[in-house]
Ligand code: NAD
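Here's a solo chain for you in structure tokens, the form predicted on its own.
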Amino acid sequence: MTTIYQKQKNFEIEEIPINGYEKVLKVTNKNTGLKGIIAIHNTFLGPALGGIRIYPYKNFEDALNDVLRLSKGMTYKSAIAEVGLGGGKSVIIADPVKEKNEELLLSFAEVIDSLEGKYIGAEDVGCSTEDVMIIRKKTKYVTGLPHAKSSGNPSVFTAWGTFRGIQSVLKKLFNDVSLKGKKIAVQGIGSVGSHLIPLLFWHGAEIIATDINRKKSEEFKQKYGIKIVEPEQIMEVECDVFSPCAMGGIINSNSISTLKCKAIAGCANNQLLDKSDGELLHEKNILFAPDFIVNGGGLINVSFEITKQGYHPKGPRDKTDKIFDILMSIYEIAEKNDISTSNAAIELAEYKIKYGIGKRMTGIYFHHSF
């Protein structure tokens, strides 16, 4: 590791060489208690953009593994969506309830600013749009702010893309996008799941859901008449579509054997613990809608914020709607080549990166900094 930042500013930023990644930085500030990582995976199509996750990881290795997986996923997500951006992600190792404060956020903002736009942050698990507004005090390199010239919380766009992802697997399985009477099991009623469930409800789905927040579960049960199960039971629910909308790594060699769904389409990042898990789903004949395509709505939304003309919601609405068409083409590629849908999606993303399809040809405009 090599320190590359002035220690007199109470920072230590160390570069961690990781094969296949452009830059991975370990950041610490003893004065503010900051411990974090910024991972820039690939910027061939444009500057890296990805959320700032604040989470109480058990150790540094867990945090590093998570940020590496997430930043690589952002590269693929950006490539498939053709938004002229690269893949990056950052994590702050802290409890967002007990340890997050303005001093901590501002110190992290200084690190982002020192990268001069190579990494652009946004909200994520544990980091709200209000937190991003605090970070904005020290750097312009953030998106998705609750600001008149910004795009706000992207969760509703992510939820719409997830809904279209669910429709895509239904179309493939039943040749019909209707959700009427279809059983959808939703894992997580968070920032995206809480927008997804009303969409499913109004389209006639039979919803089974779970969340670690029991109060929220009961609230949604009362409001939408959905069935609530314990968190450990949701993956064993017999359903048409299982929709993971919480943390990643839940689809693995152990959990796949318990699945009783026909398809998986959810917004959680990195749902597959290992690349081989996509093959296991393929062998079990469970249709998998690749997560980095399904959850692209949030990224698409903020990408319109940094255009020269500025943000308007109709553009990202229409582009997010096309997630359905992209997924249908992935299913076709996978079927023709007898490969998993996850491998088909990765191959398509890597093809676009290799040949510069969707590469950014214009500058980045941070209207909220004016």
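Please read these numbers as outputs of a predicted model, since none were measured by experiment. Numbering starts at 1 and follows the sequence shown.
What follows is about the form predicted in complex with nicotinamide-adenine-dinucleotide (NAD), which we do not show.
Peer 1: Let me test this: is every residue among G121, V132 and V142 within 4.5 Å of nicotinamide-adenine-dinucleotide (NAD) in the predicted complex, going by heavy atom positions?
Peer 2: No, none of G121, V132 and V142 comes within 4.5 Å of nicotinamide-adenine-dinucleotide (NAD) in the predicted complex.
Peer 1: Only one of these stretches, 218 to 226, 185 to 193, 235 to 243, 100 to 108, has heavy atoms within 4.5 Å of nicotinamide-adenine-dinucleotide (NAD) in the predicted complex; which one is it?
Peer 2: Going through the listed ranges, the match is 185 to 193.
Peer 1: Have a look at N269, S150, Q167, T75 for me and say which one sits with a heavy atom within 4.5 Å of nicotinamide-adenine-dinucleotide (NAD) in the predicted complex.
Peer 2: Comparing distances to nicotinamide-adenine-dinucleotide (NAD) in the predicted complex, the residue within 4.5 Å is N269.
Peer 1: Between the options P146, P96, G204, P231, which residue brings a heavy atom to within 4.5 Å of nicotinamide-adenine-dinucleotide (NAD) in the predicted complex?
Peer 2: Checked against the cut-off, the match is P231.
Peer 1: Please check if L173 has a heavy atom lying within 4.5 Å of any heavy atom of nicotinamide-adenine-dinucleotide (NAD) in the predicted complex.
Peer 2: No, L173 stays farther than 4.5 Å from nicotinamide-adenine-dinucleotide (NAD) in the predicted complex.
Peer 1: Does the 4.5 Å heavy atom contact test between N295 and nicotinamide-adenine-dinucleotide (NAD) in the predicted complex come out positive?
Peer 2: Flag for N295 set to yes.
Peer 1: Give a yes/no on whether S155 approaches nicotinamide-adenine-dinucleotide (NAD) to within 4.5 Å in the predicted complex, heavy atoms considered.
Peer 2: Flag for S155 set to yes.
Peer 1: Can any non-hydrogen atom of S178 be found within 4.5 angstroms of nicotinamide-adenine-dinucleotide (NAD) in the predicted complex?
Peer 2: Close contact is absent here: in the predicted complex, S178 is far from nicotinamide-adenine-dinucleotide (NAD), nothing within 4.5 Å, heavy atoms only.
Peer 1: Heavy atom within 4.5 Å of nicotinamide-adenine-dinucleotide (NAD) in the predicted complex: which residues of 110 to 149 qualify?
Peer 2: Counting only heavy atoms within 4.5 Å of nicotinamide-adenine-dinucleotide (NAD) in the predicted complex, no residue of 110 to 149 makes contact.
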